[in-house]
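Coming up are structure 1 and structure 2: the same protein chain in two forms, each one given alone as structure tokens.
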Structure 1
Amino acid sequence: MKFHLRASFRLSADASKAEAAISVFFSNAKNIVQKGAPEGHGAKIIEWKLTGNRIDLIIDSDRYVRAHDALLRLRRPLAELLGNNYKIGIRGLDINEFQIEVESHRDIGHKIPYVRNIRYEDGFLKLELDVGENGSLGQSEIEKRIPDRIVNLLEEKLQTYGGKSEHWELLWESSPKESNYNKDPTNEMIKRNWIKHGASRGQWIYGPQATQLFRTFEKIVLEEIIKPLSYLEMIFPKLDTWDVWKKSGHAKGVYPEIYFVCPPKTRDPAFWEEVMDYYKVTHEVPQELIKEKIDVPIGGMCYAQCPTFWGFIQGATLPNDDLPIKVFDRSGTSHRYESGGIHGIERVDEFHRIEIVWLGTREQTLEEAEKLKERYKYIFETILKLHWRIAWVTPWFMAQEGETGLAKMEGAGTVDYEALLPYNGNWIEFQNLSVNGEKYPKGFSVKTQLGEPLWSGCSGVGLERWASAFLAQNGLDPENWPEAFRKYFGNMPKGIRTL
């Protein structure tokens, strides 16, 4: 990685009388621009030149003390020298040329903000930043370390693009359960009129029997987890704005899987008259015309369920006595634009989930995670009687947000719960549990009263996934279901018959 920077310090007055002192300053500047870098590394001042009230600099560097960091490091001691001895101030910085070279195995075909030009040559991406008089990158962007964001982006991208593989490590597997059932539960449910395709992609309408199954799972979660562990119910919003996803981190990478939401540009009926008229005459909805009349997307339909919770305590300080805080939500749907291979209710675009969220000190958060795991184990072993397993996987916030490099939060991470689908021999992820470290409290600026780090965790119980796992192993006939589950379920409702 190489940086080549031409920049100037603008001074409040002609500094000719200080030229000798400035010369001494720059001949000793190595201490400043290489401090902390390994021997032989860091930035180098290639040239400096005083011209009246301007000092022009050329700085080259490697990755250790980057050229723009070197420039910022020089500012204060130089200002002290000129101020104390000559009453001259530094008015500002001009960036005249800034080039960055990064090793890469590929070109980048699209624009990157603040970059005027990218060339791919001899295994290097050569970036010319958009500096100079009409450039978008100046002093303020240098101070905000925008060049570092660009470099981080490239490094992350070039490391991971196309080849990210998820970590997966088995922690525990249950014994196989007795069952000879080996049919695809979605097909069986369709045959019995328990479910019907919805009008949208990966969407189902659940009839009374399937709904009672989902509500039974919910009852089990309430009775076996929520009540004994004293979680409080809340209602989290189900339209996620960019603001929420910026704080939760999803804005980094969630776009390919979002159902985007756009409000109308106005709710003036006259503005929409052409659309209504078109429909009334043609009986077709003019989708292109509507696209012109809707605003830019304000966010999307609920994707992960917990980000909108955090608005409730955003910016707040939590009393230590009230920790851990433990809440859950079951107030609506989640929506993901899933890959083409959507299969039955196992992988759907619209799904139903109970989201459990807890926050406290690191110790409290980890302890609560263990309690939840115990309760889950009890449910899967004793009530649902599943053949299941649990694995340590890439944390969801790395997978969903395109993050790389394991966050330095010992104990944080995600476990996936998987169940065997006997009809095809695959394992289906039917829920997960994550300890997210300080990620969310930091993102939403939530603090503890005593200043200890605040941690949080979340766990999503996917009702479609529980149903897939349970029915694939136990079939659709209640007489073959585990006794404890049957008690929770009660009588099978009469469904809706059609001729």
Structure 2
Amino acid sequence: MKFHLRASFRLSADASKAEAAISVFFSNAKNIVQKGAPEGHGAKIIEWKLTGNRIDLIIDSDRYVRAHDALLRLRRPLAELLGNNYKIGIRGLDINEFQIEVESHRDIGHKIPYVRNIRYEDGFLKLELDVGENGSLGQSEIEKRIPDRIVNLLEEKLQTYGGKSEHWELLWESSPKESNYNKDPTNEMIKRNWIKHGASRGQWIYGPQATQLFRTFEKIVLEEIIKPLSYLEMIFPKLDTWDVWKKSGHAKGVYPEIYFVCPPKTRDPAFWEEVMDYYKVTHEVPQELIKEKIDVPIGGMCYAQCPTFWGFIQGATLPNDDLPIKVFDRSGTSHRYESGGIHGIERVDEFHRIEIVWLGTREQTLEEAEKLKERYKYIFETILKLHWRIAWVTPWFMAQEGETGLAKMEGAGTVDYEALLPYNGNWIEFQNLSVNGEKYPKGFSVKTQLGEPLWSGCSGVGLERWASAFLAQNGLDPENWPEAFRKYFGNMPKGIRTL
């Protein structure tokens, strides 16, 4: 990896009288720009030149002390030299040219922020960053380490090119269950008028029968998990702003899967009059005209339920006596744009979940995760009587950042619960449980009273997925359902008939 940087220090006054001292400074600057690098590595000042109130520099480097870091390292001692001895300050930095070379076995067709041009040559990707008077990379971006993020992004793209399989490791599988049912439950629910397609893609309208099935799953979760483990109900917002997703980590990769939320530019009826008039005349909604009148997205519809919870305790210090904190939310729908992968009720854009969240010390968080696993096992084995299995998978917070394998924090990670679909022989993920380590508490600046690291976990109960797994193995006729489940369900509602 190579870096080539042309930059300037802007001074508060003409520094001609300090030229000799500046010359000595740069002659001895090796210790500054190569500190911490292996012998023979680091940054090198190729050239410097004083012109009135500017010092122009050319810096070349390798990965050990990158050129922009060397520039920042030089700023403070140079400012002390000029300030203490000549009453001259450093007003700022100008980036005049910045080139980066990264070893690669191939070209890359991606557009990268702050990169003006990128080409593949002699086993290197050569990047020309967008600098200069009209460029976007300046002092602020250098101080924010934007070049490092560009390199990290590039290496991630090179590493994940062509797709990289995520980790999956079978932990446990139940004994096979006898089942004479082999039909797609979604198709059967449609035939029986339990469900109908909604107006939007990946959306269903659930009739009384399907709704009672969902409510039964909720009742089981409440009676078998929430009450015994003493969880408290909350209502989490269902609109996630960018600020929430930045802190939760979702902002790194959520964009292809979210429904964006855009507010109107104004609520003034006069501003919208032409839209309303167009509809009155044509009975068509002028979508292109509306697009001109809505503002930029402020975020998106709920993608994963738990991030908005953290705003309740953001920046807080929690008393250790109150840990672990255990809450859940079941107040609304979640939304994900599933592209071409929507199928039946198990893969939809609008879905219903119960989100379980807990946080405490590392030991408390891991202990609570085990308690939840025991309760799930009881439900799936004794009440729903499913053929199911558990797998250790790549945690969401690693998969979303382009990483695979197991979690970096010992004890953290995700388990998926999968059920067999007899009608096609596939397994469906119908439940998950994640121990997220310190990720959320650190992201939202939440601490414990005694300063111990705070951990958290979350587990989503997807009602559509539970229904798909249960009905695929047990069918739609209550007489074929497990007795323990029928007791929770009660009598089948009559439903709505049409002629």
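Basically, rigid core = biggest C-alpha set you can superpose within 1.5 Å across the two forms. Counting starts at 1 and follows the sequence of structure 1. Everything numeric here is computed off the predicted structure, so don't read it as measured data.
Each of the two structures shows the same chain on its own, and it is structure 2 that derives from the form predicted on its own. Shown in the overlay between structures 1 and 2, fitted on the rigid core, is a CA shift at P441 smaller than 2 Å.
Core-aligned CA deviation for F485 between structures 1 and 2: less than 2 Å. Residue displacement note: I88 has its CA displaced by at least 2 Å between structures 1 and 2 (rigid core superposed). The shift recorded for the CA atom of A18 between structures 1 and 2 is 8.8 Å, with superposition on the rigid core. In the rigid-core superposition between structures 1 and 2, residue position S8 carries a C-alpha shift of 5.6 Å. For Y64, the Cα shift between structures 1 and 2 is 2.4 Å when the rigid core is held fixed in the overlay.
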